[in-house]
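Just the one chain here, laid out as structure tokens, in the form predicted alone.
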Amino acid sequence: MDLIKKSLEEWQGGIAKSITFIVTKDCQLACKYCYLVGKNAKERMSWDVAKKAIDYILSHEDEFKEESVVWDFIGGEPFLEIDLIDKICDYLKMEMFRLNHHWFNSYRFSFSTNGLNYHCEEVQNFIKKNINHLSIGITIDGTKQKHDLNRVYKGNDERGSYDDVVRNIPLWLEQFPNSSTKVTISSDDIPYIKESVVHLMDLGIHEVNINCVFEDVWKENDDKLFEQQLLELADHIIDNDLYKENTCSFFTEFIGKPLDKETDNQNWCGAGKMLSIDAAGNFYPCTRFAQYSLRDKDAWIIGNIHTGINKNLLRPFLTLDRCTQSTQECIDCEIASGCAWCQGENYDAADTSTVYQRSTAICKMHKARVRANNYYWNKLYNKLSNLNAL
């Protein structure tokens, strides 16, 4: 879930089609929690593949009826292929205009980057050229200690990348002052959550999106340590009035309630409604169904640039909702709302090759988050009530 889902929520209220180009499977980093198990330097998208994908999509306007589009670029690290991306975006703009395509007046280019190349001349030139149609998120995990624990360079020395990322944060915030970052939590870095969120707010990042990895990595008592960190974070945010200008996605009014089967029975993500294209020209219902994202399952290919999309291969995604893939225990859970899942991880972790078996690896972590969330809002309510009474 990520920045793609967030960009759809923020721009055009979820009515945009998300189309992702996997421009490279290479990255400068070897993050320890990364779900991309098949990263490599060989699989790089060619211009020929990108052009054929664009031509197919834009020539089938009647099959892509969403009012808007998010052209998303990922890797690996997408800015390693900035020249290709620049060429793709120029072609998209020209072709959407030439075809009088309904997306020409409603499109956005979206990136999630590790931030290492953000200052480079080629990237900056691209940003200046497309600034009015850009969403860029830089991933920084918090303090140097937390960031460098997981976000390390490739190689044997496991050198951390914090210093090389943080130097680009001021420029990024100058160009995109309302941007948010994405923080990933895994078992080993739980003790650094509170100080890391506070650190990011001190850097000037006013919206910190933070989530636990969906994979089954959690150890005994992780949920207790997690809850304690969130309680300390809640105290710090409220006691220091940080809630006035900052938000942290761990604290929201919309989680921790029973499932309303009439209004809450939708799928968590847009798998099947999105479209991803890789270097070989294959189409996927989501990037997480490409082979380099999967540990134990075969890629779920729904077509390619030569034959188009096979809608029959998308049929299993059409009936996906909370109830069709959850156990009865999850459906009846008193704090079911806000408990997330990743469709690709569900598929990868399932006993068979199905998308209808929900992974519950983060169950205890969600419950801990809800307890801390309740504490946060109760404390904030009491503080504001007391202030209003003065």
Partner chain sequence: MMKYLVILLSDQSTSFCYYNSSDNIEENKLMPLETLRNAIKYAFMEDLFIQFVLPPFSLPKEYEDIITSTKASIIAPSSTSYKADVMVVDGFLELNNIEILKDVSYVLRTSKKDFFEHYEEITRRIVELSRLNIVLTDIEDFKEDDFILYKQILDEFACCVKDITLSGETIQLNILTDRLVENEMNNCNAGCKTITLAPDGQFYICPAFYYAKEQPVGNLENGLMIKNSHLYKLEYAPLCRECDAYQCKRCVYLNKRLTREVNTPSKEQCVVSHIERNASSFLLLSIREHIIFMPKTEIKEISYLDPFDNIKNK
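For clarity, every value in this text was computed on a predicted model and none was experimentally measured. Numbering follows the first chain given and starts at 1.
From this point on, the text means the form predicted together with its partner chain, which you will not see here.
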- Only one of 119, 219, 224, 315 has a non-hydrogen atom within 4.5 angstroms of its partner chain in the model of the complex; which is it? 315
- Which pick from 362, 336, 355, 342 sits with a heavy atom within 4.5 Å of its partner chain in the model of the complex? 355
- Which among 191-199, 204-212, 295-303, 73-81 is in contact with its partner chain in the model of the complex, heavy atoms within 4.5 angstroms? 295-303
- Decide whether residue 324 counts as a contact residue for its partner chain in the model of the complex under a heavy atom distance cut-off of 4.5 Å. yes
- Query: Does its partner chain get within 4.5 angstroms of any non-hydrogen atom of residue 187 in the model of the complex?
  - Reply: no
- State yes or no: in the model of the complex, is some non-hydrogen atom of residue 175 no more than 4.5 angstroms from a non-hydrogen atom of its partner chain? no
- Using heavy atoms and a 4.5 Å limit, would one call residue 319 a contact residue for its partner chain in the model of the complex? yes
